[in-house]
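Next up: a single chain in structure tokens, the form predicted alone.
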Amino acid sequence: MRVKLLLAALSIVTMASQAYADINVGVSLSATGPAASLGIPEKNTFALMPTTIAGQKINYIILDDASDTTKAVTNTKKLISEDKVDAIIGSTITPNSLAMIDVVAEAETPMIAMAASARIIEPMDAKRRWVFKTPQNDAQMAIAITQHMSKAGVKSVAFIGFSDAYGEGWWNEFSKMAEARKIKIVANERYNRADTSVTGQVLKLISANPDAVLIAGSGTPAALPQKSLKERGYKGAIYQTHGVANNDFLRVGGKDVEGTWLPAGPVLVAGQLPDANPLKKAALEYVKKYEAAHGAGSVSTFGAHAWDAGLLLAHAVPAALKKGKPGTKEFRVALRDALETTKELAGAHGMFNMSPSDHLGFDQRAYVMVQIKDGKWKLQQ
């Protein structure tokens, strides 16, 4: 009888430990360095996420990659080999996220990137099958920008972007879309995220006399070319990418970014969305939680990329738990499979409809056109 009772007790303890085994999620983000204005709201957002999913405790192990590619790779290796994480979220920026792909693919650990370039998930291959992302693709936003330019009568445009994978990705997508819409690109310049002057590049842009300029940068470094353009009297239209959609960009840009056009995720203007918009409820939920913790007007689209990563995990974990235990390869594979089958999940930025060939799954509902007016984001309908 004692043996039976002991075995029963051990069985109960075992089941309890299985029911509450921790799920560990590793996060590498850019809380310092040139991309800090993007990474800080992402870091803040993880504190708002649920501590349990489907009855399982979830731990977010957060490391700063300092906007550095090498550090992002080091973080990813540590999270996988030492912390034995079940999934990776990160990084904040495209170069770092691209560099992390080889590591997560080799370890067969699903990764959800918070960076924009379509190259993170395209073309789909054996490595990228482990990678998903939450921001709108640069390709998708390039369509929105060229569509707006065409309607506004823009015939010629100059381009200046980061001299890294983000800028190059934007150049590749924007140049294709501009050609399709018969918008002539008259200049193509680059600069580094940490540069303090772009005088030479801007003089070349202005000398080309374009109707508009597209600045393919992100965070506060994207304000530098625009301020330089204004200082030298440029009067044409200026477009930015969704990489600038936070209040730090407004603060640094000041009056020089007034009138700027950009495509953005719905969360940036959540309160201005029509009630019929299917994403308004999800976007406002995030805004409410973030501003309750950090103050009115503090919300950032970049934090919402982290929030959407959390939503994707919350959606996928219950299905994965049916096929494996946290901490095992079976669970990681099941989690990857569950992420890939996500359908009609309303996030703060868009409606997720994943497939084996599309690890973002956004459609036209994932963006709106916004203009900066009186120092604020204004939805343009």
Partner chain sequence: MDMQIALLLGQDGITNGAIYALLALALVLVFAVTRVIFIPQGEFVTLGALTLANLQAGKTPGTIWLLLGAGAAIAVIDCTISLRTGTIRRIPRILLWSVAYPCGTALLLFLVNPAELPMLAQVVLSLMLIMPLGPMIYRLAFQPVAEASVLVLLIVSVAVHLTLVGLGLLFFGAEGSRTLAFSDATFKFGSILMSGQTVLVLASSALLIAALFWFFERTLYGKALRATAINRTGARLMGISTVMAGRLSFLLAAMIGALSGILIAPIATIYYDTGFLIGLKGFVGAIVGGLASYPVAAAGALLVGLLEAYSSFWASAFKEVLVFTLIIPVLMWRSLTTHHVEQDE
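Think of the rigid core as the biggest set of C-alphas that the two forms share within 1.5 Å after superposition. Positions refer to the first chain, counted from 1. Because the structure is a prediction, the values reported are computed rather than measured.
Omitted from view is the form predicted together with the partner chain, to which the following refers.
In the model of the complex, at least one heavy atom of Thr32 sits within 4.5 Å of the partner chain. The partner chain in the model of the complex is not approached by Thr342, whose heavy atoms all lie more than 4.5 angstroms from it. Mapping the unseen interface onto this chain, Pro221 counts among the residues with a heavy atom inside 4.5 Å of the partner chain in the model of the complex.
Proximity of Thr199 to the partner chain in the model of the complex falls within the 4.5 Å heavy atom cutoff. Taking the partner from elsewhere, no residue among Thr134, Asn353 and Leu360 has a non-hydrogen atom within 4.5 angstroms of the partner chain in the model of the complex. Site annotation in the model of the complex: the residue of Lys151, Arg251, Lys288, Lys176 reaching within 4.5 Å of the partner chain with a heavy atom is Arg251. Checked against the partner chain in the model of the complex, the candidates His294, Arg128, Lys204, Lys280 yield a single residue with a heavy atom inside 4.5 Å, and that residue is Lys204. Just one listed stretch, out of 85 to 93, 186 to 194, 139 to 147, 115 to 123, contacts the partner chain in the model of the complex at the 4.5 Å heavy atom level, and that stretch is 186 to 194. Core-aligned CA deviation for Lys133 between the shown form and the other one: less than 2 Å. After superposition on the rigid core, the Cα atom of Leu205 is displaced by 2 Å or more between the shown form and the other one.
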